[in-house]
Ligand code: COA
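This document starts with one chain, in the form predicted on its own, laid out as structure tokens.
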Amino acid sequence: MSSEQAQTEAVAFTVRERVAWVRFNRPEKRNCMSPTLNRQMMQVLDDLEYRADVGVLVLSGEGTAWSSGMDLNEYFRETEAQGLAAVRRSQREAYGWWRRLRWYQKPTIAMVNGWCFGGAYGPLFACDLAFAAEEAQFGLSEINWGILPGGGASKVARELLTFRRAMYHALTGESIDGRTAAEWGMVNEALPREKLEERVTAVARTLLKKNPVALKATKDAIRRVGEMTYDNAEDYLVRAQEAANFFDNEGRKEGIHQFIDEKSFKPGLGAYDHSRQRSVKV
């Protein structure tokens, strides 16, 4: 089993069997996001994105929290004391790595092991899939200390929840547990904490069996079409499929060959063996 571990001041990661386990690493602060963490997270994402030995990225947190949001002292008070330029720089660093994660080259999974509050909704939404511990807590507590849920948090709530649930969640500041988050659609599933990593590992292994070019194209398609009319989405998907086929036509041919000629797999029951095709750099 191949394994690699690395740690910075605020971010840690382990690469094991083609899965990068990236962790917020400020457990003493419930993994709240500071300017330092945001800069280091962008660097880690840069380092891992095109590595051949990484096929899936999992984002989790050290200790009892996933992330409790933005660091009120370092991200807000100390940065604001330095003036508007410092505020804008900190915003670019935070929103920048969330945006990078939304369009990441590899499939991404949020493994929410504990608290997920406020600004943490940014990376939660940025991950393609999300699984939570039943005991995890989700909340938009901004209203409780006199501000609106900014930094994309209100948009995330509205994207993932119904209108009434998003409004209640944001206006009351009440937290919900992982079971309710799954029921409301904020995460795919909620499981007992002791079974969370096992389930995420199983999903990651499923993704590793898929064609990586098709995975990237599908990730982008699901995000893009949500804001399109049907006709625009139809046209986009036709062009996206053409582009994916042009980039990796050997993969498409191999899948069809294994299905039609060899009858060695059934698409409804699993993926074709993409290890047999000509390698494609992603």
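Note that residue numbering begins at 1 and tracks the sequence as displayed. Remember, predicted model here, so these are calculated numbers, not experimental data.
Only in words, not in the display: the form predicted together with coenzyme A, which the text now covers.
Among Gln91, Ser141, Thr206, Thr162, the residue placing a heavy atom within 4.5 Å of coenzyme A in the model of the complex is Ser141. This chain lacks the partner; the member of Leu59, Met70, Val56, Met41 within 4.5 angstroms of coenzyme A in the model of the complex by a non-hydrogen atom is Met70. Exactly one of the stretches 176-184, 125-133, 110-118, 198-206 approaches coenzyme A in the model of the complex with heavy atoms within 4.5 Å, and it is 110-118.
In the model of the complex, at least one heavy atom of Glu28 sits within 4.5 Å of coenzyme A.
A residue is said to contact a partner when one of its heavy atoms sits within 4.5 Å of a partner heavy atom; Cys32 meets this definition for coenzyme A in the model of the complex.
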